[in-house]
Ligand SMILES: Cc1cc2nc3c(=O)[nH]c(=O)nc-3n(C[C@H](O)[C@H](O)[C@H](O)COP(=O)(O)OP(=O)(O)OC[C@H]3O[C@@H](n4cnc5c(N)ncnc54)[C@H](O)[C@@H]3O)c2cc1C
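A single chain, nothing else alongside it, follows as structure tokens in the form predicted on its own.
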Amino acid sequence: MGCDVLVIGGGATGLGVVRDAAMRGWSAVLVERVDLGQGTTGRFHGLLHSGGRYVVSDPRSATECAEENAILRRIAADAVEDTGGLFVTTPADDPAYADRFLAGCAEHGVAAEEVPVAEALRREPRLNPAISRAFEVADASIDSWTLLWGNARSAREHGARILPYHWVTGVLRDGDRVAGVTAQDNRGHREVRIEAGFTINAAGVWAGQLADMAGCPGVTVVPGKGIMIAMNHRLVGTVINRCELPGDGDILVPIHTVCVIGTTDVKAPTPDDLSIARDQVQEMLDAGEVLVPGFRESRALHAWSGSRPLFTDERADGAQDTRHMSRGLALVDHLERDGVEGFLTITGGKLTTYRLMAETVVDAMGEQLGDPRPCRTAAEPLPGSEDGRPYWLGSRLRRQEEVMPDDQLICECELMQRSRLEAAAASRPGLNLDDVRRVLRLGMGPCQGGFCTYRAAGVLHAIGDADGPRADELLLQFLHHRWLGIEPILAGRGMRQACIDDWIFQGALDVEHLPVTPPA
């Protein structure tokens, strides 16, 4: 297989890069070791940053976020819910910070306006009544998977090929030039060789490992691990931030039917460390209590962790404190740095700035090739966002009401219809139930898959996408993965729901004795 541009990494940045390159007329291929968005992109809190969070600690990131926030509202409206945002000074915060925050917003292009405390409490009645100041900003929530699928679909429409479940096993070198990769196709059970005129490393928190494989050592991407917890309904309708320097548990994001508290920030031993310590769970619940009194008594649905890609070049500095590393994007020019042609690394940044990261690295590629071409991604909307209308929370219910008599409901919590599951299976044969979760939100609601998982496995079997043993494997695999996010938060009403689910799967379905071994 050959192409002009090979992109490694199927998160937001990689998909933004492959879309950008394809739109500029280059033949482009993307490889991802698992499913799209299975890394950091699919494991964050859902905040579309206004930039306010960084106006004092990281001004460059603040400006990047403010500018990209406005662009994503135009080109990815279908993925963005315009919740608005508030920065509030709680009794636990330094009251002097509020003036620094407001001055920083004005200096770095972040729109912010102080609102009376009474007005903030009118908008958000559950908010801590002891707040002393409040500032309105342009925060929003964003569905990362809707954003990903929109980029993937657009890239394909412009001729790109996207290859999930292709694990890079080697980087091809032709003297001082990177010439492509070899990869293991884990669905087709074969090795593929992809020769490329140019290779872009957009592997996120794994980018340092890819750079090592290309013979460019010292590109260190520190995994800054954070945990997040979804609560079982919206405690607030607006993104709430504490008005202080970025810390742990100081963001509460309403997204879809839940809200998410986040996050911690510690250096992880490896990018694949997804462990969740119970003391960190308690830390998040305590932090939520500062924003919304009674938070601890609310039911926690699910906990997960993800690692931010925090770039540090061993040849430039040795910073190791993840909280104080820049959230700005980092472009590594391997021709300039290592004398290696045809290879660039783009890392750092955040989901809000993924499009800018893609534009930056594709611009740099064009300059190296002596073939600069204009970027159009800031102007052309993604498929599904052409009308510019933002996501509306009630849209799924309205859609369900329209088809209710004719379309079986598989997942009541997330209003997922049978027809949508069948369509997903037809477009991506061989998908597993975690793939279904990423596409259609299967099992992400209050029952956490207790009532819908076995139905979905049965539908995949009924339509011939999975034989009996395969359907059993998919069910066990999904239950195992969901349990990893439920076990750390088991208490109170969450414990009771887990017991009901356990009675269904162990008592009624006896899944423990299915004659199969679940895939990892």
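If you're wondering where the values come from, they're calculated on a predicted model, not measured in any experiment. Numbers follow the displayed sequence, beginning with 1.
We do not show the form predicted together with the ligand, though everything after this point is about it.
Query raised in the report: All three of L86, Y97 and V281 touching the ligand in the predicted complex at 4.5 Å, heavy atom to heavy atom?
Result: Not a single listed residue reaches the ligand in the predicted complex, so no.
Report task. Using a 4.5 Å heavy atom cut-off, state whether A21 contacts the ligand in the predicted complex. Result -> Outside the cut-off, so no.
Report task. Check whether I8 has any heavy atom within 4.5 Å of a heavy atom of the ligand in the predicted complex, and answer yes or no. Result -> So I8 counts as contacting the ligand.
Query raised in the report: With the partner left out of view, is R482 within 4.5 angstroms of the ligand in the predicted complex by any non-hydrogen atom?
Result: Close contact is absent here: in the predicted complex, R482 is far from the ligand, nothing within 4.5 Å, heavy atoms only.
Query raised in the report: So in the predicted complex, does any heavy atom of F101 sit within 4.5 Å of the ligand?
Result: Although the ligand is absent here, F101 would stay clear of it in the predicted complex, with no heavy atoms inside 4.5 Å.
Requested in this report: Tell me the stretch among 487-495, 460-468, 33-41, 473-481 that has any heavy atom within 4.5 angstroms of the ligand in the predicted complex.
Outcome: Every other range fails; the passing one is 33-41.
Query raised in the report: Just one of G249, G226, G450, G445 has a heavy atom within 4.5 angstroms of the ligand in the predicted complex, so which one?
Result: Of the listed residues, the single hit is G226.
Query - Contact assignment for the ligand in the predicted complex, among K350, R355, H302, R437, heavy atom within 4.5 Å - result: Of K350, R355, H302, R437, the residue with a heavy atom within 4.5 Å of the ligand in the predicted complex is K350.
Requested in this report: Could you list the residues in 150-169 that come within 4.5 Å of the ligand in the predicted complex, counting only heavy atoms and keeping sequence order?
Outcome: The stretch touches the partner through H166, W167, V168.
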